[in-house]
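Shown here is one chain on its own, the form predicted alone, set out as structure tokens.
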């Protein structure tokens, strides 16, 4: 590759010990100057471990081997301490996934942003402060002279991510590694980060390696992409070709499970759970979840089970050439890759959805609700500020209806949700939950009628309790199923699609999707009529998101539940909800059906949110491409 800034060959990362596990197994990566390459896959696929190997930022209990590993002209495998320090933060910048966890909480942000420069050259405090303000202003942080003296907890998530990008680029590196740079950010912030990365790349002509599970980010930002599963590359190629004509069943399944631009019935979940290093099967790692395999003759199925497919060149129709450097060609690790070109979308059973009756009596009535929070000085006790989190909000929720509450972080949607389940009380207005006879529900019956599903199931489940005990605790609290609680636990697990033997496990032994299903099972234990779901899919991979979307739609149809879905992901909301309520600065600015909001938005803020949705179509990018200079850096 001409002007290559990263070349990786046969990268392998294994745990140490008597029974080593292969975390990364034979991965090749190439990134050129001015090029953006995405490494995409689900959690546990090994993509972050592969990216950290470039700078040898690995835990002590793993060992790294490779046929070749060169970053910006440096042999990383042979590099000593000073050579590695020259790469880290110098010629190679790193954008970490969680900026709050990677910034030192007791140092000003500006000092940390300029640290890669200060450790390489002498710089006065005044010069350091000037440089910090300059780079923070360059990445779009307002009032940078003041902000550079503030601490990480005083920054919003979006601003802290911008500061992380500034720190990675302050030395004008030739290679930037961005690990999940937009995870958990609002749609508008995601677009701003994509635009910022494009702009900065055009200025310094750096190569970028993006690590992500977000297909929308791949389509918006990347030139080429490699799809990882269970530590191996399944497919690699130019983004346009990969999205239009996927050659591996896993790539096709990922694209079919995405929620972008689809209704819930069109989202196709991948069956089963992603393979881990400990559970990776023999042969093709994806074969237990592959629908294409089960439709093939027995001899072909056996080949998938027994023989590991080799990543090989697959010439696409209308292309020429037989080498990996051919612009219009892709590599795929599938025994039947050429046949994928003729395979349509793989069908699956769909959960039927009965639209709610618009004339039915409401289950929840929210009338003129407001809530403000007063901040006080810890030293003097004096009031230092007032935040109007929710301001005069009114709406109703019908029986069997799903309402989406959308808006940016800080819009008040989670505060409103917490008031609906009485975790906090409103200052003015009222929230009434109605029984089936339309009478108001109070006391203990209220807790059984409305249930809350937390955003982070891992944080909300007691790590010292088994799943059986976690669910039984709810049944005992409300004196339910007193004579058959073990059977009720099994029934609830089956209701959310989990096997009975999972009841004896602890939360840390479950995947993210399984933990979210357990959280939903606990909420269903009291037989509620309303579920308030706070960002239930934000931390899940796209394939697991599709499974939970399908589950929520089925439970709603089978049990007649009503949902209030709090989310910043407009694509997810469209797959689950009948109506959408848009919140901005504590107020409802627009309420309407899904079709009205998405196809005929009226309020400027709604239009802004919709325009910020990342497309899973490289030909229809939400953020226009920035020109990339071709001149080499001196």
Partner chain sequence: MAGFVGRRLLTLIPVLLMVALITFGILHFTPGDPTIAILGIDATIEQREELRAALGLDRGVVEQFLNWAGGLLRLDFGQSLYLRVPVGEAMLRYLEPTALLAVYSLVVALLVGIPAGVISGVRRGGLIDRLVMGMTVAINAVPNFFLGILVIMFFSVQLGLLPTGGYVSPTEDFLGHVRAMILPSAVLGISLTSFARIIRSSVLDVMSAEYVETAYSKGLSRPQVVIKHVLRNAAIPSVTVIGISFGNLLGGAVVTEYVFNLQGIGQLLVESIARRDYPVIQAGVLLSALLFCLVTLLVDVIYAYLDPRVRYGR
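Not measured: the values here are computed from a predicted model. Residue numbers count along the first chain shown, from 1. The term rigid core refers to the most C-alpha atoms you can superpose between the two forms while keeping them within 1.5 Å.
Omitted here: the form predicted together with its partner chain. The next part is about that form.
Each of 410, 423 and 456 within 4.5 Å of its partner chain in the predicted complex, by any heavy atom, yes or no? No, none of the three is in contact.
Of 78, 106, 299, 310, which residue is found within 4.5 angstroms of its partner chain in the predicted complex when only non-hydrogen atoms are counted? By the 4.5 Å criterion, the partner-contacting residue is 106.
Would you kindly say which of 102, 509, 74, 444 lies with a heavy atom within 4.5 Å of its partner chain in the predicted complex? Contact with its partner chain in the predicted complex is made by 102 alone.
Even though its partner chain is not shown here, does residue 568 get within 4.5 Å of it in the predicted complex, heavy atoms only? No, residue 568 stays farther than 4.5 Å from its partner chain in the predicted complex.
Whether residue 448 contacts its partner chain in the predicted complex should be assessed with a 4.5 Å heavy atom distance threshold; does it? No, no contact at 4.5 Å.
Closest heavy atom of residue 94 to its partner chain in the predicted complex, within 4.5 Å or not? So residue 94 counts as contacting its partner chain.
With the partner left out of view, is residue 115 within 4.5 angstroms of its partner chain in the predicted complex by any non-hydrogen atom? Residue 115 belongs to the contact set for its partner chain.
Mind telling me which stretch in 228 to 236, 241 to 249, 198 to 206, 116 to 124 gets its heavy atoms within 4.5 Å of its partner chain in the predicted complex? Contact criterion met by 116 to 124 only.
Relative to its partner chain in the predicted complex, which residues of 40 to 54 have a heavy atom no more than 4.5 Å away? Read in sequence order, the lone residue that approaches its partner chain (within 4.5 Å, in the predicted complex) is 52.
Please state whether residue 113 has a C-alpha shift of 2 Å or more between the shown form and the other one, with the rigid core used for the fit. It does, since the residue 113 C-alpha is displaced 2 Å or more between the shown form and the other one after the core fit.
Core-superposed C-alpha of residue 428 shifting 2 Å or more between the shown form and the other one: Shift at residue 428: below 2 Å after core fit.
Once you line up the core, how about residue 367: does its CA shift reach 2 Å between the shown form and the other one? No, because once the rigid core is superposed, the C-alpha of residue 367 moves less than 2 Å between the shown form and the other one.
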